[in-house]
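Here's a solo chain for you in structure tokens, the form predicted alone.
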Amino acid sequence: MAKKVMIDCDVGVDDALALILAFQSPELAVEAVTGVNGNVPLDNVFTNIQKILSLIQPKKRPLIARGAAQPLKGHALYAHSVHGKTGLGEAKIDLKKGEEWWTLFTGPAHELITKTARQYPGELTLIAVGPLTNLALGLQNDLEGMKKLKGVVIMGGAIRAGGNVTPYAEFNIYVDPLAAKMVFESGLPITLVPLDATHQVFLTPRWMDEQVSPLHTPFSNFVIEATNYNIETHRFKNRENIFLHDPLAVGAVIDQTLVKTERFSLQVETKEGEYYGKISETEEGPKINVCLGVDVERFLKLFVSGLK
């Protein structure tokens, strides 16, 4: 039996790669995809969800819904410098009218999350690879519905590693620390996939040349375009490698043995200042699973298999 999942995302490049891996993996059945403000504005996120579904063309069309356009508190922050203006790097995907590979849910994302959790009580895993605003809204509006989730797997945070927005904070948590605090303290069965783990898995020029480029599939071509990889110079534009942050969260659901976890309680700094968005270990509060180790070789093989 395939594991039922839904994916809450802020589609930038690695979110797109996570969606491809999820839909291409027979171990998973993706019931729904929801969008949240993050890497790019919500309008771009929602368009990108549709573009990636048009690329994947899933046999079972998932429900999709728009989520929060702003964090619970403060102003939106975007990552155009990493993901490009649209969020998909240099990749171009045209949306054709009449070719819709999804079913539109007219309510907000948090409503779709709790409705789907109630539809499949104890069966649905929510994979959250963007800021946690939609999850926090779900907790505020339908706590009992959120409790029907089998589990929540979150890509976010930096525990013993440095941050990627500030020296202390990771992007997804930094965008909406208040939402993260609510989710971590909710008591839901959570697995966190922080930078400590995701910085261990990345695409190098060698992997691109030996494992990705020879495939010549729509998915491998997308990876080359979205990551701005030049197959002639064997270099990524403006960086040495591409971290597979969000795909690792999907990988941890496909095969839990890919990651090594420890259980401890976490607190999130919500006060503005130097440590805003920082996650630290604490003695109090619900314990969650935190991924600190990865079987790198096995995960990379899994990721590439999803591009075939």
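Position 1 is the first residue in the sequence shown; the rest follow in order. Values in this document were obtained by computation on a predicted structure and should not be read as measured data.
Unshown form predicted in complex with a small molecule; subsequent notes refer to it.
A single residue from the set Leu139, Leu72, Leu195, Met208 has any heavy atom within 4.5 angstroms of the small molecule in the predicted complex; that residue is Leu195. When the small molecule is considered in the predicted complex, Val129 lines it closely, a heavy atom lying within 4.5 Å.
The shortest heavy atom separation between His110 and the small molecule in the predicted complex exceeds 4.5 Å. Contact check for Thr86: no non-hydrogen atom falls within 4.5 Å of the small molecule in the predicted complex.
Interface residue remark: Thr133 is not counted as part of the site for the small molecule in the predicted complex, having no heavy atom within 4.5 Å. In plain terms, the part of the chain that comes close to the small molecule in the predicted complex, with a heavy atom within 4.5 Å, is 166-174 out of 143-151, 183-191, 166-174, 230-238.
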